[in-house]
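A single chain, nothing else alongside it, follows as C-alpha cells in the form predicted on its own.
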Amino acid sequence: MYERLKGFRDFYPEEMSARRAVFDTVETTAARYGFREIGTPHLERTQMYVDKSGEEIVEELYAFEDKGGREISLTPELTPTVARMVVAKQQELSKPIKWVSTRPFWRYEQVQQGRFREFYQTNADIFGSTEPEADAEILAFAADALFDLGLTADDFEFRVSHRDILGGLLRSFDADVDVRDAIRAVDKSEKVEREEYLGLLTDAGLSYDQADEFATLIERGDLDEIAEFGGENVEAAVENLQNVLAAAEDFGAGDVCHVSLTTARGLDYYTGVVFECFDSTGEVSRAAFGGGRYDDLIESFGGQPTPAVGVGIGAAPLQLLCQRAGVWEEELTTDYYVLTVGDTRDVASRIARDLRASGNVVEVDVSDRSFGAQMSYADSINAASVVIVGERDLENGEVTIKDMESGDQTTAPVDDFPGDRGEPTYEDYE
C-alpha cells in the first residue's frame, strides 16, 4: 500500500467538484474584468529564483538537475514567470497587460492548516499602469470574486497597507535602519509577542523607544497622524493609498477595504500598496490571500521599467473561508439518470444523447445492474430525475419519469421525449 507524499493532496469527486466550481467562478469574474488567460510552464531555471530571492530560497524549492545538466525547479510562484514573459515580448504587448492563470505550485515548506507543499492558486496581474485605478481594480476583482462565490461584506475584509509608508516612517527616525529587515518584522508582528516584535525592530536599527513609537503609529493607522510625523518621507505614499482607497470605493470594494499598516507582506519585491484578505469573524486566523504592487520586478528581469500590481488567490486558504461562511458545497449532482430494463439500449442511448445535447448531466447504466441497483445508484449520485426505459413501457410507446425528491412519477410519449424541452421534468407530463 503506497502512501501519498506529505504536503500533497488527493481530491475525490465531491471535493473536486466544489474546487472546480470555485475556480470557474473566480476565472469567470476575472474574464468580466478583461483579464486574459495565460498558460505557464511548471519548470523554470532555479537561477531565476536565486536572482530574485537569494541563494537561501533553494532550500524551499523542489530543485534538481535535469538530464541535460540544467538546474531547474518546480515553480513555487507565478510572479517571476510572468515577469519573464512580459520581458520576452514587452514591445509587442499592448498596455496595460491584464493576465490571469489558475495552476499548481510547489514549495518545500512546513505543512500547516491551509498550506501544503503542492498548492493551487489563481493569479491576476496588471502590467503597465501606475495609476491608483489599477490597484483598485485588483481589489475590486478580488472582492467581486468572493461576492460571486456567495460571500458577503460581513464575511471578509481587505487589510490594505503601503510599503512606502512603512519605509518612509522608518527613515523618519534618527537611526540607521535596515528598512527591509524592519518591514519583515512588521510582517511577523501578529505572529509573535509584542516584546519579540520590538526586539526584531531594534535588531533592524531602531532604539527600543523608537521601535515602540513606530509600532504604535502603524497600529493606530491614522493617516493624518502618520503624514504629520513622517512629513516628506511619507507624503506621496499616503496620498497614493488614499487615492487607491477612493478608487476602490467607486469600483464597489470600499466597504471591505480597511487601512491596516501592520500588513506588510513578506516578499521583498512589493513596492507600494499591499493587502491581505481575512475572515471578518476571526474563525479562520490566517490570510485567505493577498497581493500588491511590484513596480521594479520587470526591470530587474532585464526589461524596460514596467509598473505592476496583482493578487494571488490560493485555493486551500480560500476553501477555509468559504467553509466558514457556508458557501462551500461538496455535493455531486446529476440531472438525469436513464435507467434501462431489458433490451432497450438503443432508445435509452438516444434519450441520453438528446438530454446531453441540451447541456444536462446524464448518466446511464454501464454495469448491467438490476432495477433496484440502478435506482440505488441514481439516489447516490443525487440524480434529480430518473428516466426509466423499460421493454414494457416501450411496447406502449412510453417512458417513465420519476422525480427523485418527491418520489412522484408519470409517463411520457417516447417519441416526444425529451422533444424540444431542454430540461423535461415530471411536472411537464403529469
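Residues carry their position along the shown sequence, with the first being 1. These numbers were taken from a predicted model, which means no experiment stands behind them.
Form predicted together with a further copy of the same chain: not shown, discussed below.
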item: Contact residue in the model of the complex, from F156, Y294, W99, F116 (heavy atom within 4.5 Å of a further copy of the same chain); value: W99
item: Contact residue in the model of the complex, from A287, L320, V327, I72 (heavy atom within 4.5 Å of a further copy of the same chain); value: I72
item: a further copy of the same chain in the model of the complex: contacting segment from 198 to 206, 171 to 179, 72 to 80, 217 to 225, heavy atom within 4.5 Å; value: 72 to 80
item: a further copy of the same chain contact at K402 in the model of the complex, heavy atom, 4.5 Å; value: no
item: Exercise: T333 in contact with a further copy of the same chain in the model of the complex, heavy atom 4.5 Å; value: yes
item: Heavy atom of G422 within 4.5 Å of a further copy of the same chain in the model of the complex; value: no
item: F229, heavy atom within 4.5 angstroms of a further copy of the same chain in the model of the complex; value: no
item: Heavy atom within 4.5 Å of a further copy of the same chain in the model of the complex - qualifying residues of 15 to 40; value: M16, R20, A31, R32, Y33, G34, R36, E37, I38, G39, T40
